[in-house]
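For reference, the chain that follows is the form predicted on its own, supplied as structure tokens.
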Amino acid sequence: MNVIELSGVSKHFGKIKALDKVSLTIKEGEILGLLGPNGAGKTTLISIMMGLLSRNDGKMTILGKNADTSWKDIKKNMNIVSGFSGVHPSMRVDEFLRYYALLYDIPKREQRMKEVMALTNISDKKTQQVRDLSAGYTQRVLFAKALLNKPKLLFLDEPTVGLDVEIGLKIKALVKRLGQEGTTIIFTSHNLHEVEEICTAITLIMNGRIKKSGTVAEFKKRSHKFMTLEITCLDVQKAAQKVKKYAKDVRIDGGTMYVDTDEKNQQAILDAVIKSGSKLHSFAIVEPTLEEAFLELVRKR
């Protein structure tokens, strides 16, 4: 099932085209990393998908419903967690959750409150005031709030910003679990290592247009024309002279050589190192990181 289907969605602010004919499909249970430089259109796109902004053109279907006629039903099944949200400091945790449970019209709300507090590991903090909580616990309270209505679609905007490593790991584990259980998640973060670890798919938006979409592996592969080999050997300078004719670029760092080349030349380079008489210690393919792929694509544009 496709949870979100956008076709030709545009949004203009005067003469500025914030979104220009955006088409996007997001499947059930997918954790989509929405990437783009500042001003690319990410916030505008998310705001339209959440019903906070109207669009100038295009069609949008969410959770199988027409976004023009069924927003009331759609919004019952979505929620958001932001790293920049606030919680009233004088409220207790249970008071805060009860307030939103009433707003969301949650049936059996006390039972649901217990469930989300257990899920986010904040049960022992339920009678504490928010002002007394750490940043990590406050963020978990916001996650608990967002899970009250059992959303089928969850937006996460920088959900781990400012958190320590331990709490960040727990939140990432929770996000993965939600995706595995069928919740569709739209994830934005400037921490691309985090995106690479969590997301099952990536979409790059630039200048209001979708530039690339695919899995993390596909995204990284399509951004790099060449493969990089990492070679360590006894006489790296001598070996480098032998592999240059097969390489696009050769870089030496101490006793290690990095070779950019076409995949078809991999065996020829290995043979050249061996024939050079330099004792081979290791030979490996270096996978580009998502951060490297993102920066390369942005520079090209």
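So that there is no doubt, residue numbering starts at 1 and follows the sequence shown. Everything quoted here is computed from the prediction, not taken from an experiment. What we label the rigid core is the largest C-alpha set whose atoms superpose within 1.5 Å from one form to the other.
FYI, the form predicted together with a small molecule isn't displayed, but the following is about it.
Visitor: State yes or no: in the predicted bound form, is some non-hydrogen atom of Ile16 no more than 4.5 angstroms from a non-hydrogen atom of the small molecule?
Guide: Looking in the predicted bound form, residue contacts with the small molecule include Ile16, since a heavy atom lies within 4.5 Å.
Visitor: Please run the contact check for Gly51 against the small molecule in the predicted bound form: heavy atoms, 4.5 angstroms, yes or no?
Guide: Because no heavy atom of Gly51 falls inside 4.5 Å of the small molecule in the predicted bound form, the answer is no.
Visitor: Closest heavy atom of Pro37 to the small molecule in the predicted bound form, within 4.5 Å or not?
Guide: Result yes; Pro37 sits at the interface with the small molecule in the predicted bound form.
Visitor: Examine Ser276 and determine whether its closest non-hydrogen atom to the small molecule in the predicted bound form is within 4.5 angstroms.
Guide: No, Ser276 sits far enough from the small molecule in the predicted bound form that none of its heavy atoms falls within 4.5 Å.
Visitor: Only one of 256-264, 42-50, 233-241, 61-69 has heavy atoms within 4.5 Å of the small molecule in the predicted bound form; I'd like to know which.
Guide: Single hit among the candidates: 42-50.
Visitor: For Ile16, does the CA position differ by 2 Å or more between this form and the one not shown when the superposition is done on the rigid core?
Guide: Yes; Ile16 is a residue whose C-alpha shifts (by 2 Å or more) between this form and the one not shown when the cores are overlaid.
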